[in-house]
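Taking the form predicted alone, here's one chain by itself in structure tokens.
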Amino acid sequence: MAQKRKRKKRLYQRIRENKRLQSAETVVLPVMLGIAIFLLWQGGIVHQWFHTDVFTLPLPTKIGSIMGDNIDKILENTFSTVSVAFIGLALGCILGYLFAVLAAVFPRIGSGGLGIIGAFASIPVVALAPVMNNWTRDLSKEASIRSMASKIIVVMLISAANMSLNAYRGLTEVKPFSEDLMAIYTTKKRVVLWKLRIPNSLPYVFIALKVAVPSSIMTAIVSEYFAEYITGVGRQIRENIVLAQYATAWAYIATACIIGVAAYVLLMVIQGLTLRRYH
């Protein structure tokens, strides 16, 4: 009997230590949760739990049909939101990383600035977006250009704050013996930066991107609420809620979720390929 229990324990341990099963769990479990939520929602159980109706919270099939009927308009607004999010993300990550390099190479100058740039991460988007709208109102005569510029700046500031703080850790938290070895060989600062600090910061860059990518999409959507030019997923959510077109608003909410999930999955694929090749 004791031997039988021991075999069961070993089998359980083998299952838990199987890397393929662990990888499968990361996909299967979220999919099962999504299917369960869909069935509860479609069956009206969610409406009973939250005491709501199908007008305020439409059924998933209704939302899907609206997305299919308005696919061209949804794609147009999705392109606008994704453009703002990824342009702001790219500019912010480059700016944040360069500032982190400056702080790592010249700690007396840059370390104090990290606290200032890090403060942008704590500023609410609903407070920052209207300020940027007023700041860029004389940038161009075209409302679309002014609106896009203000949204990109907001996303850029939030992304730069996330990137600079994480990249600075990767640039400075290197193994002590590595720095000692470089010092023994009287290596120049630029060589230490290129050969030691930048490679060590790569995993931290992806940690920052795991926060910055979803944050950039959400920041772009929220910024569209206050934008001058009526375009983008966020603005369509607002306009349809104001008009009590809740089913259409939920279609754009579902679109925002799809954008976020797709961007995160793409980031995970790039991370896997990059770190596997690099290390």
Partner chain sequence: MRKKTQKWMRMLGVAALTAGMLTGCGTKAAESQGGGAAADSAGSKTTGESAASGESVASQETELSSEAVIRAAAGDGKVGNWGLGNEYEVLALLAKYDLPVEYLSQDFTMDGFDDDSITLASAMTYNELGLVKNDYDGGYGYGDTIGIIDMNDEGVAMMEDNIFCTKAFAAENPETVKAFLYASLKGWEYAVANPQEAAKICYEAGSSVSQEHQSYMADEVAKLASTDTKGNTVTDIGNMDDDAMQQTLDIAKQYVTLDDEAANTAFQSLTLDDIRDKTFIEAAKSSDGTFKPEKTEVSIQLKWLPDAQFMGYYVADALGYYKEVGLTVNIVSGGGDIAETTAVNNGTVDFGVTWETNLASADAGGMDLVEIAQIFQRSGLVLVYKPENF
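What you are looking at is a predicted structure, and each value in this text was computed from that prediction instead of being measured. Residue numbers count along the first chain shown, from 1.
This protein has a second form, the form predicted in complex with its partner chain, left out of what is shown; the following refers to that one.
- Note that among 28 to 36, 41 to 49, 207 to 215, 220 to 228, the stretch whose heavy atoms approach its partner chain to within 4.5 Å in the predicted bound form is 220 to 228.
- A heavy atom within 4.5 Å of its partner chain in the predicted bound form is found for exactly one of Ala143, Ile198, Leu139, Ala121: Ala143.
- Using a 4.5 angstroms threshold between heavy atoms, Tyr246 counts as touching its partner chain in the predicted bound form.
- Residue contact check for Gly113: one or more of its heavy atoms lie within 4.5 Å of its partner chain in the predicted bound form.
- Contact check for Lys73: a non-hydrogen atom falls within 4.5 Å of its partner chain in the predicted bound form.
- Interface membership of Arg108, defined by any non-hydrogen atom within 4.5 Å of its partner chain in the predicted bound form, is confirmed.
- Taking its partner chain as positioned in the predicted bound form, the residues of 61 to 99 that bring a heavy atom within 4.5 Å of it are, in sequence order, Lys62, Ile66, Asp69, Asn70, Lys73.
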